[in-house]
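Just one chain is shown here, as structure tokens, and it is the form predicted on its own.
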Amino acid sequence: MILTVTLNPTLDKFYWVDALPLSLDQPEEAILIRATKSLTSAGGKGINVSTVLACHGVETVALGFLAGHTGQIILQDLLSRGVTANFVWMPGENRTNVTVIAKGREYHPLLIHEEGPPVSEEAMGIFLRKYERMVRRAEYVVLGGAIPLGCHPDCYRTLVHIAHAAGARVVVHAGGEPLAHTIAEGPFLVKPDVRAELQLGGMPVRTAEEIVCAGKKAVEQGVGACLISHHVTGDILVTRDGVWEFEARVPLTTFKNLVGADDALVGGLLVALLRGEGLVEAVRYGMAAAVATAEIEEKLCGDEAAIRRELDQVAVRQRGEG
């Protein structure tokens, strides 16, 4: 079983538009933008990973916090996709994140993210008790996304420690301070979210060389593997055994929705690992899942046939020692 943690779930809303105004600086006039299509789905990094896993027939349980009417919608959407849910309910309302995708600029969407409700000490205590029970059954644990208000910045470190004590491998799919706190605990794999901060453990990750340097430093500090996005269609994997560059040889014009692609990568990677693939081949399958996801309007692609069609487009090159 794979356990995913999403402390700050979201209801994702997508709007496709023909164009965005060149300037929003029109204080005397309302700006009307008509959507040509819209979609809604449960979201948050861990939730998205669970959705991909469920589509592949993998047993997965999603944990986190739900609140209000929005939380009910998130829960029902997850259950309809075959994900087992074990959330803590609390006062307030889960956040809604909006993505606006303009025609011809699908690879560069406009993202509007809400903050989400604060988590009380009481709710966190209930969550930890649930987590400690569930993690004993888990082969892998995925800690995904941002930490909400009320949670201590090093709470992911606590969750990694508990998982390791239970014998589970941990994937940290997050960024910034929450990720930095986990490095010393030596998670199995880290997949930094570099959208907000182009750094890992205080080191920049803007270029390929910076990514390799930061990845090697994380591995030296105990991380099993570090997987970092280099650009829209490229990722770099750093382990104790070497450095690999992955490149999806597909034009950006084929992409329809990039939101969720990173989460599909992590989900696909875990599916391949459970099937006995080595880490490099597992990342390759994850990359194919990410490309298949980006090429459809639905947020996540769980169609294994579509993913396998993309495998030939994912090239892998191991870097030399020099």
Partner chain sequence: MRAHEFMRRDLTSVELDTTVAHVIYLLHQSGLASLPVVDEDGRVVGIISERDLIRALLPGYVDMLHSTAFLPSLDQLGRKLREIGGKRIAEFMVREVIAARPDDTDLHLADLMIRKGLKQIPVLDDENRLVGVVRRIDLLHRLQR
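Since the structure is predicted, the reported quantities are computational estimates derived from the model, not experimental observations. Positions refer to the first chain, counted from 1.
Omitted from view is the form predicted in complex with its partner chain, to which the following refers.
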query = Thinking of G68, N86 and M90 as the candidate spot, does its partner chain come within 4.5 Å of a heavy atom on all of them in the predicted bound form?
reply = yes
ask   = Quick one: does V98 come within 4.5 Å of its partner chain in the predicted bound form, counting heavy atoms only?
value = no
task = Indicate whether R249 is a 4.5 Å heavy atom neighbour of its partner chain in the predicted bound form.
result = no
key: Touches its partner chain in the predicted bound form: R129 (any heavy atom, 4.5 Å)   = yes
ask   = Would M134 show up as a contact with its partner chain in the predicted bound form if we use heavy atoms at 4.5 Å?
value = yes
Partner-contacting position among P204, G82, G150, G234 - heavy atom within 4.5 Å of its partner chain in the predicted bound form = G82
key: Option touching its partner chain, based on a heavy atom within 4.5 Å in the predicted bound form, out of V212, I162, L75, M124   = L75
request  = Choose one stretch from 219-227, 152-160, 90-98, 236-244: the one whose residues place a heavy atom within 4.5 angstroms of its partner chain in the predicted bound form.
outcome  = 90-98
